[in-house]
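Coming up is one lone chain in structure tokens, specifically the form predicted alone.
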Amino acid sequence: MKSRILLSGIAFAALAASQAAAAELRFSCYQDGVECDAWAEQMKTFEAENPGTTVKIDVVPYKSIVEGLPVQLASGEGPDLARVTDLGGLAKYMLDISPYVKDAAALEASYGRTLAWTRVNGPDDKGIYSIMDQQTATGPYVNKTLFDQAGVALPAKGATYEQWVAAAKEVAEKTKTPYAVAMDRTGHRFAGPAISYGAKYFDAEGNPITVDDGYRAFAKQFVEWNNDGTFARDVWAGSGGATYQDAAKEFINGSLVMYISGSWQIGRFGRDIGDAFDWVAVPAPCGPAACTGIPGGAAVVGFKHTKSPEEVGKLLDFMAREEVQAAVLAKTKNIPANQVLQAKGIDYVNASDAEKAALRTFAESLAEFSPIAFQFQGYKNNRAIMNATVTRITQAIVGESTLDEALARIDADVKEALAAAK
């Protein structure tokens, strides 16, 4: 009888230990295309390598990530991990997985520039809080068919904004195309050319300075281009406040020669343009200081409140592996944040030649982006800078203020927003 009780006790203890070791991780995932579906396939391999740990993927709308997730996290609740884009804003909730990964130095080498976006605990913060699964980059597209029809050669890599704009204007005139150049109405898109013209955006201590000589130089040129008809003026002048506006439809219908937007448009252009005309992505034009766009993207992150930090760390370590990232990116048609894969390239599934070429162009451009561009993207209050930029520069374009007045108001707006944030 005693032996039977002893055996029962041993069996119960073994069962309890097994249950304690098991973990179900909840992963809130939004997708623009098939990102969550691609990750679901990879979770089978992770679960096979880590018996007892399962991953439940909850596919949610992007609005839930932007609006609902912050509320959950503020109350100490929510999923174990999620796919997010507001890296700086959510960083205070993120789990440092560096104690749980096999080789933190290797992750640093592969993802270092984007890891910095979530390190908000000061210059000595070496934690690993995020693994990017989608890198984006801003930059131009051009209608190559219109260039060919006009007999104008595409400017070579290293060409300046002035050279590109002059070429696009010549093409528009020769082909009677309505618009030469357009740029999305957002301070995010404005920042790339501004940095190329010399804008620093931050002082040596990392405090925002916004308007300096470089920023002023591009702002002056941009306002002039909008008012002399070179840029599609209504993209910026047609809206007020910080309202976003793009010019994708104009590019798709062939009424725009050159469009400054970003890599997230690749799938849309591949689908909607089809074989109507030849389009290409081109490297970021140059200013006196740089040839840069602005990086961005989505990342998978774990959260401090999880009851299974080690398992979350192991999962993110798995998701960062080169072969795993390559398999997911091949299906999602996204640019890798992994710098090794940026150099190697991805064999994209079911992508057209135009899409593949554009993906390569943006991926190669990222390696040459200015460090200021990465600093700007990772700054937790960059929204204040972007909103002030688009609101006040538009006022200068439409004549509601002089350029000098607009620039003075930008600095005042940013200072006021930072004071409110504190």
Partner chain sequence: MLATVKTAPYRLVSAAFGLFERPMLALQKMTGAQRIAWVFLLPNLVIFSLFTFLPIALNGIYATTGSDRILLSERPFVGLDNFASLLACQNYLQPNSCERDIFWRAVHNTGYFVVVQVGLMVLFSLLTALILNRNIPLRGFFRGVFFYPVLLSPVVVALIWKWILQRFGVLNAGLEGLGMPTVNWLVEADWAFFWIVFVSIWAHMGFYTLILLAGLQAIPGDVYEAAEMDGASRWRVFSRITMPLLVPTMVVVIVLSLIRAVQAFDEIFVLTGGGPGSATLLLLQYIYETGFAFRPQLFGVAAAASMLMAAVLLVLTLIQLRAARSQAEG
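C-alpha atoms forming the largest set that superposes within 1.5 Å between two forms make up the rigid core. Not measured: the values here are computed from a predicted model. Numbering follows the first chain given and starts at 1.
The same protein also has a form predicted together with its partner chain, omitted here; what follows describes it.
A.B. asks: Pick from 133-141, 177-185, 348-356, 291-299: which stretch has a heavy atom within 4.5 Å of its partner chain in the predicted bound form?
C.D. replies: Only one stretch passes the 4.5 Å heavy-atom test: 177-185.
A.B. asks: Does residue 241 make contact with its partner chain in the predicted bound form, using a 4.5 Å heavy atom cut-off?
C.D. replies: Residue 241: contacts its partner chain in the predicted bound form.
A.B. asks: Considering only heavy atoms, tell me if residue 384 and its partner chain come within 4.5 Å of each other in the predicted bound form.
C.D. replies: Heavy-atom contact with its partner chain at 4.5 Å: present for residue 384.
A.B. asks: With the partner left out of view, is residue 405 within 4.5 angstroms of its partner chain in the predicted bound form by any non-hydrogen atom?
C.D. replies: So residue 405 counts as contacting its partner chain.
A.B. asks: Spell out, yes or no, whether the shortest heavy atom distance between residue 156 and its partner chain in the predicted bound form is within 4.5 Å.
C.D. replies: Answer no; every heavy atom of residue 156 is more than 4.5 Å from its partner chain in the predicted bound form.
A.B. asks: So, a 4.5 angstroms cut-off on heavy atom distances: do all three of 75, 237 and 409 pass it with respect to its partner chain in the predicted bound form?
C.D. replies: Yes: each residue has a heavy atom within 4.5 Å of the partner.
A.B. asks: Pick from 375, 395, 50, 42: which has a non-hydrogen atom within 4.5 Å of its partner chain in the predicted bound form?
C.D. replies: Looking at the other structure, the residue within range turns out to be 395.
A.B. asks: If you check 109, 276, 343, 71 against its partner chain in the predicted bound form, which one has a heavy atom within 4.5 Å?
C.D. replies: It is 71.
A.B. asks: Using a 4.5 Å cut-off on heavy atoms, what residues in 196-215 are near its partner chain in the predicted bound form?
C.D. replies: None of them.
A.B. asks: Superposing on the rigid core, does the Cα of residue 67 end up 2 Å or more away between the shown form and the other one?
C.D. replies: Shift of 2 Å or more: yes.
A.B. asks: Spell out whether the Cα of residue 93 moves at least 2 Å between the shown form and the other one when the two forms are superposed on their rigid core.
C.D. replies: After core superposition, the C-alpha of residue 93 moves 2 Å or more between the shown form and the other one.
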